[in-house]
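Here you get one chain, nothing else, as structure tokens; it is the form predicted alone.
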């Protein structure tokens, strides 16, 4: 019951996540899935989460707890030297939670299913982005496909495949991401607004461009309606199939 997207571009990073955690007929719940840690002027770390909510919440809480722990020998999100080391820390937190809760979940027939998109920048290196799996292992985003998706990704992927370019402006990329969400919202009720979005400008080490987009947001509504009209117009202009 999630859709999250991360884009790694020449100008920076774009993150977006829905907030729906339950979509029953009379029980719709929301929960924030975009998490941010920052040291202004030095680093910005963003984590998007999908999967079992109890597990993802435990991983996020564990990462935050390590930051405030008295153990000065333990590396944390705010002391790791590189984003690769940060990815290792998130993977270790996933494995730690699995060690604690994995057996209990297995006995209750629940799977240990979680995935994360991790992105950010630490002073001294370029912005980086990773996808982290339930085993704690991870991959880094590829240059030829500069985006990652987790959750219900299939509906929003076609437009990202066709349009994403690494030289996009962040505002242009945000428009693309919202169109990807619009397609997903129309096709899957388990994904829902509000949508949390963060646009990170390279080398600013600031998260000031962060917003929550509600279903009735004027720009989102205008974008959705305009996209539908443009698609119908483009479809009508194409030659019919002749048998």
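Numbering follows the first chain given and starts at 1. What you see is a predicted model; the values in this text were computed from it and never measured.
Beyond the structure shown, there is the form predicted in complex with a further copy of the same chain, which is absent from this document and is the topic of what follows.
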{"query": "Contact flag, residue 187 vs a further copy of the same chain in the model of the complex, heavy atom cut 4.5 Å", "finding": "yes"}
{"query": "Close approach of residue 228 to a further copy of the same chain in the model of the complex, 4.5 Å, heavy atom", "finding": "yes"}
{"query": "4.5 angstroms heavy atom contact with a further copy of the same chain in the model of the complex for residue 54", "finding": "no"}
{"query": "a further copy of the same chain contact in the model of the complex: residue 112, any heavy atom under 4.5 Å", "finding": "no"}
{"query": "Candidate stretches 134 to 142, 97 to 105, 79 to 87, 157 to 165, one within 4.5 Å of a further copy of the same chain in the model of the complex by heavy atom", "finding": "157 to 165"}
{"query": "a further copy of the same chain in the model of the complex reached by all of 174, 223 and 238, non-hydrogen atom within 4.5 Å", "finding": "yes"}
